[in-house]
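To begin, one chain is listed below as structure tokens, in the form predicted on its own.
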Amino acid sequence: MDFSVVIQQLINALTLGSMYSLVAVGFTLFFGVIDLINFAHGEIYMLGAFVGLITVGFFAGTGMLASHFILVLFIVLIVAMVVSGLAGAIIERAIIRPMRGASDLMMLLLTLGVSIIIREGVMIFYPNGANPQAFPDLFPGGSVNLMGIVLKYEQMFVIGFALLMVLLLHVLVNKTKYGRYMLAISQDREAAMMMGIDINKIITFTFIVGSALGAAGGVMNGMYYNIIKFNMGFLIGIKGFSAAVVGGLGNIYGAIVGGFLLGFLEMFAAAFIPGGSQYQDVIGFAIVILFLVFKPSGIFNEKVYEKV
């Protein structure tokens, strides 16, 4: 087997796993703090991609896209993350909070309903939203070739930005007041309330952070594949949740590992199994089923004090 082919697929898997990990972390944040499996999260990923596309279109009209593409790139990501974070806060405040305390099945159906509203809303109100939308190529020059290994600028940015988000999340959770409050609520909500922590404020903050990370993944999907669709959120939502389950639902580091593992499984199945590209999703979900059957706690066994 050609060593350069293996390295090439490894880079491709890291790129795919970076996007999965950002979505998976959102799922595990929601579950860790509020015990909620938020199936609207995949549509937030999609919404972030469309907000990014609109922002890119604005800068393309000003001419800045060609002359200051790095600045534009970061502005696009920030705008998408802010808008999607606010959307997450609205969903929590207007829909999730009034139903807090309802059965798990009711909350599951509620988030599924929200996901349908977001998906169909984009399809109806975005111009020509039912059709795939071309996402402009933000990186000039394409790629570099190192000993037969093609390294696209998009891949380097996706991997690097995902690692930056993971690092910032680690600092947020472990080094800041809000992070400590999130940990306290995840361990014992009633005790945290008696200690004076504003539960509603921290839960809303959690939705903002999780939704912003999902939106970043959506924008990077558009940058990497140069196309986005109104229904792209459903499958990525299932995969992000699966990655969180594999890593250990409720553990952010498990979600990151699970996301990269799922990306590796899919990419290497497509590359090295004859006809594997047709079955890469099947192989990925088969692994998830095996984890659910034989190790339901995931790779990182969940502990109460590690839920966030």
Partner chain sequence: MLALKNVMTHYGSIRVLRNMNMTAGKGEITCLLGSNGAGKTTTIKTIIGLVKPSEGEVLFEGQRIDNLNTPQIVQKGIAIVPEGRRVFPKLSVEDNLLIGACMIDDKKRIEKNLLKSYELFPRLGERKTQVAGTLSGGEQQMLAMCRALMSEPKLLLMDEPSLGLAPILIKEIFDTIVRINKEDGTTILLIEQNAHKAIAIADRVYVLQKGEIVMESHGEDTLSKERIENAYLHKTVDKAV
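Because the structure is predicted, anything quoted here is derived from the model rather than measured. Positions refer to the first chain, counted from 1.
Separately, the form predicted in complex with the partner chain exists; it is not shown, and the next lines address it.
Any chance Asp188 has a heavy atom within 4.5 Å of the partner chain in the predicted complex? Asp188: contacts the partner chain in the predicted complex.
Is Arg93 close enough to touch the partner chain in the predicted complex, meaning at least one heavy atom pair within 4.5 Å? Although the partner chain is absent here, Arg93 would stay clear of it in the predicted complex, with no heavy atoms inside 4.5 Å.
When the contact criterion is heavy atoms within 4.5 Å, does Pro140 count as touching the partner chain in the predicted complex? Taking the distances in the predicted complex, the answer for Pro140 is no, it never comes within 4.5 Å of the partner chain.
Residue-level question: is Phe157 within 4.5 Å of the partner chain in the predicted complex, judged on heavy atoms? Taking the distances in the predicted complex, the answer for Phe157 is no, it never comes within 4.5 Å of the partner chain.
Can you pick the stretch from 228-236, 83-91, 207-215, 189-197 whose heavy atoms fall within 4.5 Å of the partner chain in the predicted complex? Result of the contact check: 189-197.
Proximity to the partner chain in the predicted complex, single hit among Val122, Leu183, Leu73, Val79 (heavy atom within 4.5 Å): Exactly one residue meets the criterion: Leu183.
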